[in-house]
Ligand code: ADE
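A single chain, nothing else alongside it, follows as structure tokens in the form predicted on its own.
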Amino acid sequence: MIKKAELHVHLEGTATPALVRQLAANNGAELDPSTFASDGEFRWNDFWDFLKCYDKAAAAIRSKDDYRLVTYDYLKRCAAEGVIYVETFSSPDHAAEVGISYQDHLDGIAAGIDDARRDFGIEGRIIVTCVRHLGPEKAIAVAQSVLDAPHPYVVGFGMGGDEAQFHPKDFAPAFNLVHNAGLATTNHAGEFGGPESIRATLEHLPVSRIGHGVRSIEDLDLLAELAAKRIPLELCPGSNISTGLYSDYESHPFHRLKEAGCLVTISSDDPPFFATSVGKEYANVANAFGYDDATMSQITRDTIDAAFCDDELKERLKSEI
């Protein structure tokens, strides 16, 4: 089995419908019936409806131990597919919505990482994220929490949410706060925002990776810049297809980005919402573009090189490939 690694997955978005129902039942929480389709899958129609569905499902996660369980459950599923390393996005804003403190949220995730390493040998790290459509002030508060409660598993800072809201420069204070403290940063750009959203991110935020970034294929100069600077792209093909950006894997620009010299990685984004997993994404990319095992293993090596963890861990992980 090819060893795999993942850099772009939202922790709350890894919880399966069954796990969400279990957590809600344990917590005595009422779930909005519209969260699920009749077959038990999550129900959403377009990207903005997906964001709402995500929030409704995330609200079932109510405690530090819930975060431990969600983390452990996801890393267990990943390990079964040959994944050796995962960087997961955590969202303190979602935790705060249900009354969980930043510290409890963080401690729960860290406990899940420790338990999964013990049981399955997989490594996990955390990228704390702010939510774009909640605004710049909330982003600064999240960034300050990262600095006030440093943790060895927190290796970066990022931002998700609706790209149509605000401008990247509005979040420069938050990103610079974390960057100046020595943490790496990434930002969702070039998903539903066009190539101009990637340009704005590169111009105004101190990022060393781009979340998604697929729309760079529409701007040849930008494409050349990303390739020349070796800025890794956190590509999530199955997510892009599910949300309607592309019709299938063959039409997804993954291969064209790779051929243009971009540093490409493979992630699942919010796997149960898009009926996918890291293993499925690797298999679908390989099948769509005819990549052999050596090519896929090189993508894993590139992914680990692009990770925000320390160099010692990177070398150990690459020795496993």
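Counting begins at 1, following the sequence as shown. Every value quoted in this text rests on a predicted model; they were computed, and no experiment measured them.
The same protein also has a form predicted together with adenine, omitted here; what follows describes it.
Pick from 226-234, 213-221, 72-80, 154-162: which stretch has a heavy atom within 4.5 Å of adenine in the predicted bound form?
-> Selected stretch: 154-162.
Counting non-hydrogen atoms within 4.5 angstroms of adenine in the predicted bound form, say which of A29, A260, A283, L51 makes the cut.
-> If I apply the 4.5 Å criterion carefully, the residue I get is L51.
For D93, is any heavy atom within 4.5 Å of adenine in the predicted bound form, or not?
-> Judged by the heavy-atom cut-off of 4.5 Å, D93 is well away from adenine in the predicted bound form.
Counting only non-hydrogen atoms and a 4.5 angstroms cut-off, does F289 reach adenine in the predicted bound form?
-> F289: no, not in contact with adenine in the predicted bound form.
Would R209 sit within 4.5 Å of adenine in the predicted bound form, counting heavy atoms only?
-> Output for R209 is no: heavy atoms all beyond 4.5 Å of adenine.
Flag H188 as yes or no: does it have a non-hydrogen atom within 4.5 angstroms of any non-hydrogen atom of adenine in the predicted bound form?
-> The answer is yes: H188 has a heavy atom within 4.5 Å of adenine.
Between 243-273 and adenine in the predicted bound form, list the residues on our side with a heavy atom within 4.5 Å.
-> Stretch hits, in order: D269, D270.
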